[in-house]
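Quick heads-up: it's one chain on its own, the form predicted alone, in structure tokens.
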């Protein structure tokens, strides 16, 4: 048995079992719960109080009880993520979903709800759940064995997520239709495919250095590409985060940008919202923020994610912060 137990009912299971004999759970697929991981953070008030009255008010200072979305953590073998409200925002409008299919690979999705739209947290949550379903189904079916297959599945995930977010819109409030950004990864033996819409990012970190895998779909990035603004000017412009592409009823998005690379050496794949990269925008900044020996796989992905989220919180935590870390084995294994 090797000490393994069913994540649903805790019954003993074998590594070769496809389903739990006790409860019937599919043991090949493990993923974040649909609707988001439950809060694994002590429900402490900002004042430190832990007692709340029947109306949810802190008995020490009267503040409302923190939301279950304020901070969530979730970990699976080789992949872990944290989504944190940060220090300034009233609610967490970021979402994450990820899962592993035994022997097939890992799928990750991070979405950042657009603050100027209504129900942004619902938009991001339905987007990550919908896209993760598409990618995990593809992994389970064994059809994502080539770069073309993984990029096709990523495009299908974006189309499905975009449609799901669009269904949240109210016809009478089209100007504030729920919307969000999107970044995903499909990691199989030997390769990884990243897809994105908007300004959530993915970074690859290895012993040889770090690289940013995504380019922002923003007004500022377009002007930098055209030579109108420098990178420094874009970062300080008040319109720096104005999106040129997003998911939602008014997005017009039909496909993501994608990139596929071979996983040849050990490293980390980091997907994040702008709540992190605002403080570590360059790949070398992210590399410097990692715990020692993180790339050598001596630090669990959850600890790496915690360290990166803490960097953003210590720097001010002006936005919601979501970080998902995937360990890459290299040499033909994810």
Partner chain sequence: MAVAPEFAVEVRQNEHLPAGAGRVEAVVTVTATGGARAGPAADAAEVLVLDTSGSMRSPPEKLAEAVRAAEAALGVLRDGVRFAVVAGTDTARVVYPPGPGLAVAGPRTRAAATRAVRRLRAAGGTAMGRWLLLADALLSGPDAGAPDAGGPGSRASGAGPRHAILLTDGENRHESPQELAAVLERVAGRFTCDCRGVGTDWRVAELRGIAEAMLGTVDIVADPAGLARDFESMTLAAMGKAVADVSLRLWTPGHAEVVFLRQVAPALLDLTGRRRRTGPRTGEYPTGAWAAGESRDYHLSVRVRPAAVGERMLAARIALVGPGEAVSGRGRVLAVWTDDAALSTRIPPEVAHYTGQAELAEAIREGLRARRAGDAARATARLGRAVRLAHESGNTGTAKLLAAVVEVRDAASGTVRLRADVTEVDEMTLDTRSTVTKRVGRD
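Residue numbers count along the first chain shown, from 1. What you see is a predicted model, and the numbers here were worked out from it, not measured in a lab.
Omitted here: the form predicted in complex with its partner chain. The next part is about that form.
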Practice problem: Indicate whether its partner chain has at least one heavy atom within 4.5 Å of a heavy atom of residue 27 in the predicted bound form. | Solution: no
Quiz item: residue 61 near its partner chain in the predicted bound form, any heavy atom under 4.5 Å?
Solution: yes
Practice problem: Decide whether residue 148 counts as a contact residue for its partner chain in the predicted bound form under a heavy atom distance cut-off of 4.5 Å. | Solution: no
Practice problem: Verify the contact flag for residue 85: yes if a non-hydrogen atom of it lies within 4.5 Å of a non-hydrogen atom of its partner chain in the predicted bound form, no if not. | Solution: yes
Quiz item: Which one, 269 to 277, 288 to 296, 305 to 313, 61 to 69, holds residues whose non-hydrogen atoms are within 4.5 Å of its partner chain in the predicted bound form?
Solution: 61 to 69
Quiz item: Quick one: which residues from 149 to 183 get a non-hydrogen atom within 4.5 Å of its partner chain in the predicted bound form?
Solution: none
